[in-house]
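In the block that follows, a single chain appears as structure tokens, in the form predicted alone.
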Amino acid sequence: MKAAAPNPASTTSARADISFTPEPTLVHDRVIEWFEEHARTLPWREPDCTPWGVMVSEIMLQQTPVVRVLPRWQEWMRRWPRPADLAAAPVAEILRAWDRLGYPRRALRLQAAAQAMVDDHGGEVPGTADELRRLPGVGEYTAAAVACFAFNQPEVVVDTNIRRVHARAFTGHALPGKTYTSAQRRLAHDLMPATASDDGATACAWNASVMELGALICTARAPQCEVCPVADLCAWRTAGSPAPTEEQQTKGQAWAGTDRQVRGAIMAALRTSAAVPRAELLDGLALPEASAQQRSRCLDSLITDGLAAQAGDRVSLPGA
């Protein structure tokens, strides 16, 4: 059984006014063949990588490029190769090891998930998307990705890169927009290869392949259409590569002057010191444009999030 062509009636809000939609099975075959030749060699893709290693990679890769994740992942797996190892680790050590990956609450959620695996799953990563979703801090994408990439379960995996390939190749849009819409969700399900004949092997290969295509070739700002394996099947190319509409575009997140920048500076200072007086910590930030009110507010938010702790007038990483 072949995957059915996407139903235009079911994807109205996600489609451009185009007269061409490629046959999904042709796209599947070409993208998977391209992946087999051009995929990056990454440790979490190796056959001997554990499900825990896959899960750590998926959490770290959220909103963070591979080049930054790779050394952190390697160090993390060296120190905490099993969920039980991370569950027992001091929070301060975990946050120092997270280093500058950003969004450090991910590290705390990963430890909470590891503790749930110890408590409820014999210290192992559960093997189904439903079980994974019940772990603290694990959402729809992570559950589907770990089930697929670690356990070969043919779940529908959709990240930003996959949404972009879907939008261009099948709906004729330049970009998918910021929001993952119900129409895009239906399209992703429609595009999944059938699983009856091979227990989902092609579906899992499609997930990995189309994600890699979006990361390396069908990029947001500079798509390399000249080397894309499905350029001649792409609805966006057939439509003349129209520019993204205002609705489709997503603006990059600001950094300079934001609370994220100030929080990051505070975390960087705490990772390199023991308990430090609050006033000394805040006054010592090399952010002359940040007001005293913003600095104090950001520190208080870190304490609330469990990323910093204050005892008396001294601040440190939790448990440091």
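Only a predicted model underlies this, so the values are computations on that prediction, with no experimental measurement involved. Quick note: we count residues from 1 along the sequence shown, nothing fancier.
Not on display, but discussed next: the form predicted in complex with the DNA.
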property: In the predicted complex, Arg78 touching the DNA (heavy atom, 4.5 Å); result: no
property: In the predicted complex, Leu285 touching the DNA (heavy atom, 4.5 Å); result: no
property: The DNA contact at Leu101 in the predicted complex, heavy atom, 4.5 Å; result: yes
property: Gln63, heavy atom within 4.5 angstroms of the DNA in the predicted complex; result: yes
property: Proximity to the DNA in the predicted complex, single hit among Gln153, Thr238, Asn161, Thr202 (heavy atom within 4.5 Å); result: Asn161
property: Listed residue that, although the DNA is not shown, lies within 4.5 Å of it in the predicted complex (heavy atoms), from Ser209, Gln184, Thr171, Thr142; result: Thr142
property: Contact stretch among 187 to 195, 123 to 131, 104 to 112, 86 to 94 - heavy atom within 4.5 Å of the DNA in the predicted complex; result: 104 to 112
property: Those residues of 35 to 50 which, in the predicted complex, come within 4.5 Å of the DNA by heavy atom; result: Arg40, Leu42, Trp44, Arg45
